[in-house]
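The chain that follows stands alone, in the form predicted alone, written as C-alpha cells.
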Amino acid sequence: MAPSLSLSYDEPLFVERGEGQYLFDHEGNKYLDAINNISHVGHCHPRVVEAAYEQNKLLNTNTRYLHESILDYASNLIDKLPDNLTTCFFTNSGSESNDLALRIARLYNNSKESIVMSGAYHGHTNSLIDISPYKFFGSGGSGKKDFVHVVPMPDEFAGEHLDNESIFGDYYITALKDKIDKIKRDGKKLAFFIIEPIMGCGGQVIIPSDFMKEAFVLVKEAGGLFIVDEVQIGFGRIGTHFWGFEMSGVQPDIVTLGKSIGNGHPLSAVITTKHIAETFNNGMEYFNSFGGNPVSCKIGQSVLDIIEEEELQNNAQEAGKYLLNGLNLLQQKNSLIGDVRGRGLFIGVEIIKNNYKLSPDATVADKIVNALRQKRVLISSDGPNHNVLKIKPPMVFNIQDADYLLESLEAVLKKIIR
C-alpha cells in the first residue's frame, strides 16, 4: 500500500463485517459506527445487496447500449430536485462528479476564475485539490492558484469576523463581493462559486441561509454558475430537507452527488439544467465506462426506495435532534466543548482549551476519538484546526444509539479532565 494512506485510530481496527449502524472486528466485537455516512441506509442493507446481486446476474455493461434502469433512476433522482435541474451525468465518485462540474462550468463561461470557501474540500483530483483550501493550504499543499479566490467560511463560533470585530453576516457577504469585484477589475469573468451547505472538512459549519441567498444573487449577477456540493449531506441526512441547499431555498445551477448515493457502491452524479448541459455538448463526447451502468443504477434506486419506505429522513431528524440536545446538555457541564452544531445526522462538536473558544485543542480531540474507539464507538475529528468531533452515522442510527454515544462521550470527557 502507498505510504500516503493513513488508518483510523492509534490502534487500527480490523473490521470483518458490517450490519446496519454496527461494525464487527475480527474477534467479533461490536462497534457503534457513528462516522461512516457512505453506508447511508446501513452497512450491507439486504435490499441493496439483493439489487446488486440480481442485476449482476443479468447484465452489467456501459451506457452505450440502451437500458431502462438508467432512465428510471435518472427520472427518480430528478423528481427529488428543483424543476430547473433536469439533466444527469453519471460518474463513480464524489471527486469525479465535482471534477466534471468544474469542466462544465469553466466551458460554460470560458473561464477558470473560481470562488471557494476557506476550509473546503471537494475531492482528490488535481483540479479539485486546486479548489480545496483544506488541501492546498494544508500539509503537503502547494498553495493557492491565481485563478482561485478564497472567501472566509461564515463560522459564527470562531470565524474571521471576531478578529475584525465585524458584524457576522455583513463581514462574509462583503468578502464575497470583494472577490467578485476583483475578478471584474482584472478583466476576467467568474466561472463558478462552489459551496457545501454544511461544510464537511470545514468542521460541520452550517452556512447561514441569508448568506446562501445573497451569495446566489451575487454570483448570478456576475454571470457565474452556482454549484452546490451535496456529496456529504444529501439524501435526507439533515432531516428537515432532502438536500442541504433546500434549507435556504436557492436553486443551484449544478448539484453534485456522491458517497451515500450508492451505500458504498461506486456511484455519483452531476445534475444540471438542460441549457447548461447543451452548452457542454460542444463536440467533445463525454463518456464514462462505468458511470450509470445497470448495476449502479439498480443500487442507486434501491437506496432511494429504502430512504422513503423506511422513513430514514424522518429518523435522521428525530435521532439527530435528540443527539444534538444531549450534546448541548453535555456542553453545559464540560469546559472542553466550545460549540455543538449540525442538522439531522451531520453533527460537529468543537473541542477547545479550558473554555477559551478561540483556542482549538486538536490533541484532546484526538484523545477523545481514540478513547471512544476503546469504548467501541467510532467517530473522527476534522475541521481546519482538526479539533471538531465529526458525527455522521448511517441513517438507521437511533435514539438508543444516541444514548450510548452520549454516555460514552461523557465518561471519556470526565476521564480526560481528571
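Counting begins at 1, following the sequence as shown. Keep in mind that what you see is a predicted model, and the values were worked out from it rather than measured.
If you look for the form predicted together with a small molecule, you will not find it shown, but the lines that follow are about it.
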Contact residue in the predicted bound form, chosen from 294, 123, 326, 342 - any heavy atom within 4.5 Å of the small molecule: 123
Among the candidates 95, 273, 127, 118, the residue which, in the predicted bound form, approaches the small molecule to within 4.5 Å (heavy atoms): 95
The small molecule contact in the predicted bound form: residue 315, any heavy atom under 4.5 Å: no
Contact of residue 196 with the small molecule in the predicted bound form (heavy atom, 4.5 Å): yes
4.5 Å heavy atom contact, residue 109 to the small molecule in the predicted bound form: no
Residue 229: touches the small molecule in the predicted bound form, heavy atom cutoff 4.5 angstroms: yes
Which of 315-323, 214-222, 138-146, 87-95 lines the interface with the small molecule in the predicted bound form (heavy atom within 4.5 Å): 87-95
